[in-house]
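For reference, the chain that follows is the form predicted on its own, supplied as structure tokens.
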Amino acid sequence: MSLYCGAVCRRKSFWCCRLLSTYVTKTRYLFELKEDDEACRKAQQTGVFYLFHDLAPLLRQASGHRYLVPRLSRAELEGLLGKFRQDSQRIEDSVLIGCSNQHEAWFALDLGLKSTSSIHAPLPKSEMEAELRGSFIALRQAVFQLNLMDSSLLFTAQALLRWHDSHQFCSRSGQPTKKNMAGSKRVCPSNKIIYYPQMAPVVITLVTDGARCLLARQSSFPKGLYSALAGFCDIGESVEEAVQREVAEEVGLEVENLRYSASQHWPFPNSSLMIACHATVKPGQTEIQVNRRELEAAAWFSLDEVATALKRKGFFSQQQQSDTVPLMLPPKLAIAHHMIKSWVETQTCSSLAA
């Protein structure tokens, strides 16, 4: 009997260890903080805070044109608020954006926005920058000088802070809504309607005809920059339908052989979920008809042209100021870059095999 019980206990211990991996325990901890205000409030005592001002993150210049992202402890943040004659209640305007494997919670707080739950006015930007020895820089301007982990956290933080700033009132009653401690939802006290942060789905599609890929540009792009076709999904559409419609609208082509590739959260201009797909045009139908309301230009590019562009350095180089600019592709941070790179690698392997 004792041997049997020992075997059962060992088996139970094995399954607990297997299931309660670092990822699982971290995920469940974050879930607890989102659902339990007291647990979240407790986590704020030992957590760290990323600061924003009018949705621009606090950054410090580092070597090599890179930015570092300062993080403040609860005590440091309280000290900062005290210097500006504000109490620690302001910290409850923060939003939870993640945690470490050791369950150190990470929060983001915007000291330049006015919350319905706060009686305090926005803090002065220049005085805060001097005190913190940093600058509040627009995320779009700084994004390519951040490391991958920092950019991901700041994407999440900015999206949540923006959503809370623009959803402070109930669409049904018109009354102020109340944020839960983690910022994972807002509730209307008068009718109990719960609002959750949302993202807009966007399909981004790399269209090919076998030997070439189709790239396009908008007038707002830097000179020479081309990317994959992209557009928002309409209400009632599937991803497949959205891809077919967007390609037809923008370049006048019909596509088939749709294949999902990957996805990415993208914060510009607001919070979007980029759904990356590959597709091919129907045989014999490659003539592009550009929709000038959507695009400035679109063209087919050969494998050699795209492979050369991938090797080109200096996305923000001075050569873009000249009239003749070589083909430039999206930087590595963007999912379009990886879609194009994957196509080049696949085509190269196919050529070598042949």
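Numbers for residues come from their place in the sequence shown, where the first is 1. Everything numeric here is computed off the predicted structure, so don't read it as measured data.
Although it is not shown, the form predicted together with a small molecule is what the next lines describe.
A.B. asks: Quick one: of L153, L123, A230, A279, which gets a non-hydrogen atom within 4.5 angstroms of the small molecule in the predicted bound form?
C.D. replies: Partner contact (heavy atom, 4.5 Å) among the options: A230.
A.B. asks: Out of V255, L161, A105, I204, which one falls within 4.5 Å of the small molecule in the predicted bound form, going by heavy atoms?
C.D. replies: It is I204.
A.B. asks: Are E246, E250 and A334 jointly within 4.5 Å of the small molecule in the predicted bound form, each by at least one heavy atom?
C.D. replies: Yes, the whole candidate spot contacts the small molecule.
A.B. asks: Any of the heavy atoms of F136 lying within 4.5 Å of the small molecule in the predicted bound form?
C.D. replies: The answer is no: F136 has no heavy atom within 4.5 Å of the small molecule.
A.B. asks: Quick check on E296: any heavy atom within 4.5 Å of the small molecule in the predicted bound form?
C.D. replies: So E296 does not count as contacting the small molecule.
A.B. asks: Give a yes/no on whether P269 approaches the small molecule to within 4.5 Å in the predicted bound form, heavy atoms considered.
C.D. replies: Flag for P269 set to yes.
A.B. asks: At 4.5 Å between heavy atoms, is M274 in contact with the small molecule in the predicted bound form?
C.D. replies: M274: yes, in contact with the small molecule in the predicted bound form.
A.B. asks: Among 168-176, 89-97, 106-114, 196-204, which stretch has residues with heavy atoms no more than 4.5 Å from the small molecule in the predicted bound form?
C.D. replies: Correct option: 196-204.
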